[in-house]
Structure formats: C-alpha cells, structure tokens
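Presented as structure tokens, the chain that follows is alone, the form predicted alone.
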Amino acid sequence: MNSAVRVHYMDHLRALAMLAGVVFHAALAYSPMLHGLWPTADAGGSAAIDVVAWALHLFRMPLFFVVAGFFTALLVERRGLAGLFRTRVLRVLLPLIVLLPPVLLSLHALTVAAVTHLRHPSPLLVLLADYARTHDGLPLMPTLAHLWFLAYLMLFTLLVWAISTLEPSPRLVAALRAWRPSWPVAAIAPIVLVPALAATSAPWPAPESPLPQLWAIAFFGAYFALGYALRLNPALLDRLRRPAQLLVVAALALYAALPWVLGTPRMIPPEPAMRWLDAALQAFAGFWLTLGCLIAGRAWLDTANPAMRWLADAAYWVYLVHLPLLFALQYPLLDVALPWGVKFVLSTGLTLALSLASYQWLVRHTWIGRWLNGTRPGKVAGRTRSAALPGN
C-alpha cells in the first residue's frame, strides 16, 4: 500500500474509540461497582451501566494501541527511525509534559471545590473531606491521570527504536511480512495476555502511576506489536476475516461469565484460581472483540468520509481535555435531583459538545492544531498525517 494514501479505516476507528472513551468515563459516575471509588459517583445508577461500560473497556484501549502500532510502522516506513523519534517527541512527549500539569491542577481544583461545597458528595468525596479536615487540605496526587496513554506510547516508541538497532531486526521484519497464520492462531493468541492480566485486578485498571507497570507494558505492548505487524503484513486481517464473526460471538459469551456481569463480585483480592479465570476471560474476550473491530472497520469504514475525518482530526484534542470538562459537569450534577440516565446523557453530550466546539474554534486552524496533528487539516489532500493520537 502506498504510504502517501490516507488509511481511512484506522483514522475512523481512532475517532470511534475516542467517542467510546468519553462515554466510558461518563458512565463510571453511575457504575455500582465503582460507587465507592470514583469521585463523581452519583447516588443513582444501574447494573446495566457496568455491563455496557466494562464491555467497552475490554477493547477500547487495546484498539488504540493497535492503531498506534500500525501508524508507528507507517512512520518508520516514511521517515525512518529518526523521523519517528522526532515526531513522537514533538507530538507525544511534549504534549504530555506541557499539558499534564494543567490537567492535574484542574482536576484537583474541581475536586477541592466539590469537597467544600457539594451537599450530596460521593462516598469518595466524603472520605476526602475527612482527610482534608485532619490534614489541612488535599494533596496533589502524583499521577498521569488519563494521559497515561501518551507515556506508554512514548515508551513503546523507544522500544521500537531499541529493537530496530539489534542485528536480528531485519530478519524479524521479513518474517512478519511473510507470516501467513491460519485462523486458529487468532483463537489461541490471547493466551499470551493472560499472565499480564492475572498480575492486576479485574477489570484491569488504568496504569496511571508515573512509574511504568510491567503488566501494562506486556499487555498493551502486545496490542501495539499487533498493530505494527498489521502495517508490515496487511494480509493478516484477510486471513482472520473468516472466523471473526464466530470469535465475536464467543467473546460476548465469555464476557457474560465475568463477575460484574453476573452480579457476583470476587473477593478482594480474589483467590488465585479465580484471578486467573478472570484474567483469561478478559484476555480472550477483549482480543476477539478488538479483532472484530479491526475487521469490521476495514470492511465498512475504509472510505473517505468528511465527518469522520473531522472527528479523527479532533480525537487528540478531545482525548486531552475531556476529563476535566466531564468532572466540571458531573460534580454539580451530584446536587441536582434528576434521574441518573438524564445526568448521564447530559454530562456525556455536553462534554463532547464543548470539547469538539473548542477544537473547531480554538484549535483546528491554530498553531495548537498544527502542533498536535501535524499538517493543518485540509492542506494536503489524501495524505496520512503525522497525528500523535494514537498512532501517527
């Protein structure tokens, strides 16, 4: 495939995964499973939220890392390792360094205001209020928040550079280009993900710690490697297309056996056997759903679509700003007497509206847009830009 041609289905999958991320974070406020752990947890909620939200969780971030790996390989083709590294520093590392402080400060300020003024705080806010009274305030926690993706993308970029300098690297690339796996490989491949998920909780958490977590490197690194391989060997998806529908049905069946779907949460920490069972269910269901998204995306989304292209261009900005906007909306809603479903729709819709409007009017045609997305949208027709989220 000509590297100058825009890869429509990957762009469109990126846009849809971004939308799913906003929906997922908004849904956590109404999740019974996270009611005692999420700062914007509302008094209302439904077990149905847990079923839907954590299904999105299984494949949303894995899909981001597949797209990231795909566009990493494309950048190596077009610009070499030096060009890849320059692009990643400019559009991944620098945004992380520059934007993490205001994101953390805004989330902290919103939480302090909620602790101080809300009449109906969430259980976590009640605990934070008790802590603030006895410790003269709330500390600013060291975390990557939702920007942890950028840190791991930068880490995987460094690993690509390191592996590419090794002597066997050309042989490895040639082997990937020539690889013609049979469909049972897709059925058993998720087994390599099980140890990583068994090393953490279920459902797997966001690795927000400033220090890299081994389970996350292994888990998301596998998906990143899959995306890299898909760029080197586009025939891989063709060979896996036939069993895709069956694997998606099997994934949904496995997902139905997870404890939050059955309404029988595990003990914390669960027994080893249950922890490995949950890890296997998550690994196989998540991988097969991600594979289904990739195959469906290439079948149905691999054509030019102005609306989806605009949304793909906006994806990075929405990813960066959506969580503070969401918290700014959901904290006041804790004191509003509305059904939880109305609050969910309001907070999700307004977060998307504000973040997309700010992209169009404040970012798209400014130096910020050029910094985050590379070439100004619409300037170079038909080319695949070097956007940072989650791949180029």
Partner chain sequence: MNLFPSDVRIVGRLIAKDWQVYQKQLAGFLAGIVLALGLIGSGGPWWVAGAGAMLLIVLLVVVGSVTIQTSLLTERKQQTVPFIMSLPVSPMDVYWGKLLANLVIYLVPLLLVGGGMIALILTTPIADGLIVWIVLSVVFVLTTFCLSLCFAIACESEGWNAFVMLGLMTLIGPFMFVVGRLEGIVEHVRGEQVVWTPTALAVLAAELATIAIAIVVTSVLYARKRSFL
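Owing to the predicted nature of the structure, the values given are computational and were not obtained by experimental measurement. Positions refer to the first chain, counted from 1.
Below, we refer to the form predicted in complex with the partner chain, which is not included among the displayed structures.
- Query: Can you pick the stretch from 113-121, 312-320, 210-218, 130-138 whose heavy atoms fall within 4.5 Å of the partner chain in the predicted bound form?
  - Reply: Going through the listed ranges, the match is 210-218.
- Message: So, T165 and the partner chain: in the predicted bound form, are they within 4.5 Å at any heavy atom pair?
- Response: Flag for T165 set to yes.
- For L155, is any heavy atom within 4.5 Å of the partner chain in the predicted bound form, or not? Output for L155 is yes: heavy atoms within 4.5 Å of the partner chain.
- Even though the partner chain is not shown here, does W161 get within 4.5 Å of it in the predicted bound form, heavy atoms only? Answer yes; at least one heavy atom of W161 falls within 4.5 Å of the partner chain in the predicted bound form.
- Message: Is G263 part of the interface with the partner chain in the predicted bound form - any heavy atom within 4.5 Å?
- Response: Result no; G263 lies far from the partner chain in the predicted bound form.
- If you check P269, P101, P142, P184 against the partner chain in the predicted bound form, which one has a heavy atom within 4.5 Å? Of the listed residues, the single hit is P142.
- in the predicted bound form, do the Cα atoms of F149 and S169 sit closer or farther apart than here, given a shift of 3 Å or more? Pair moves farther apart in the predicted bound form.
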